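What follows is one chain in structure tokens, specifically the form predicted on its own.
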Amino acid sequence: MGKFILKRFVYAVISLVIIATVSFFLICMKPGDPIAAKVSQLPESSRKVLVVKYGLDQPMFTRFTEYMKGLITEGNLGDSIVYEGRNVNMMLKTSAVVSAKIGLMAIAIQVIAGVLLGMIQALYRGKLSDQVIRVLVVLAICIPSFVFCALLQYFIGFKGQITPIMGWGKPVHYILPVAAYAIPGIATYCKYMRTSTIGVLGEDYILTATAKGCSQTRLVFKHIFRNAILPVVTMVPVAISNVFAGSMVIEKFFSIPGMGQHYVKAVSDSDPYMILGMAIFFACTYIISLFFVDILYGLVDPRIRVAKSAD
């Protein structure tokens, strides 16, 4: 198991270095003047000073080595060119925490509710409960998230007066954005869990366990659930990687000071190092998630660990 973990860790580091390198050159080579927004209100003589200050007069490779040196030795993800004193690290300490709270709570609800409903659908396939849940799943997947935001604001916030329509800072402010974030994900996990469970129900080892007189509870949790949830586990890293970048619409609707709004602002301002730093951060969260999922896969199903170790 130790060799397997070390191998996956090396792959993760190599992937992150490649992503950081490609992202740097793609972002910094794009057309446009990165300091245009900053000097629009300043004299032309200020441009030269700012160009030298931010190293924009240096060759691309020199800028790359300096950026990677700061990233590796100091953990500096990048400083804003447009706004003096702002950097990605400072923003992560505030905005990333806000986005993470909403996203992780929503993902937990998505996985628990989606897996439970998917199991119910599969175990009672063709019954009324299966048909009702299937209709709700289709609606939840097809309707965009901003529609759920508006509906929740109107019926729960405005009509019901249960929670504030928007704002941040109190526990009650979590209810609407977490619900809006979770609903589409619940439907997605439910859909995949139903399909996976139906496939497992047709396996020979399920028929064998049933023939040996295995109890219904043991059959469901020991044999069906453990094998059916494996495909769902692979979806979790994608959901985690979208915690920071995937909630931009929700943060806008509910006036939440999350990371999504800062990312949109950096793109509109053509602030290259802010964009680069956040892109690397998003990639890092995704790679770390994949790393832990690989380990989890090996723990849940030892056959995967043995197969990968043999390669």
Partner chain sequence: MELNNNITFAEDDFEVIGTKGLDAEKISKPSVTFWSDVWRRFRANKLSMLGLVILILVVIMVCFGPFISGKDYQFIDYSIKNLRPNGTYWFGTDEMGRDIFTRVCYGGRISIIIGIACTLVSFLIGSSLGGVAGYLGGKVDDFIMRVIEIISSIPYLVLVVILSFVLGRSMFSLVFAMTITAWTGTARMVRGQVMQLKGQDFVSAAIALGSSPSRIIVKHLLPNTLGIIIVNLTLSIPNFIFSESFLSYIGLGVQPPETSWGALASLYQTRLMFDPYQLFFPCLMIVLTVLSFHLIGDGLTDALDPKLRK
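The structure displayed is predicted, hence computed values, not measured ones. Residue numbers count along the first chain shown, from 1.
Keep in mind that the form predicted together with the partner chain is missing from the display, and what follows is about it.
Listed stretches are 114-122, 217-225, 157-165, 204-212; the contact stretch with the partner chain in the predicted bound form is 157-165, by a heavy atom cutoff of 4.5 Å. Using a 4.5 Å cut-off to the partner chain in the predicted bound form, each of K30, A150 and M248 places a heavy atom inside that distance.
Residue I143 is the only one of M235, I198, I143, A100 with a heavy atom lying within 4.5 Å of the partner chain in the predicted bound form. The partner chain is not drawn, but in the predicted bound form it has a heavy atom within 4.5 Å of Y11. Proximity of V52 to the partner chain in the predicted bound form falls outside the 4.5 Å heavy atom cutoff. Contact annotation for M60: none of its heavy atoms lies within 4.5 Å of the partner chain in the predicted bound form. At the 4.5 Å threshold, heavy atoms of Y67 stay clear of the partner chain in the predicted bound form, well away from it.
Although the partner chain is not shown here, in the predicted bound form the stretch 271-288 places heavy atoms of I275, A279, F282, A283, Y286, I287 within 4.5 Å of it, in sequence order.
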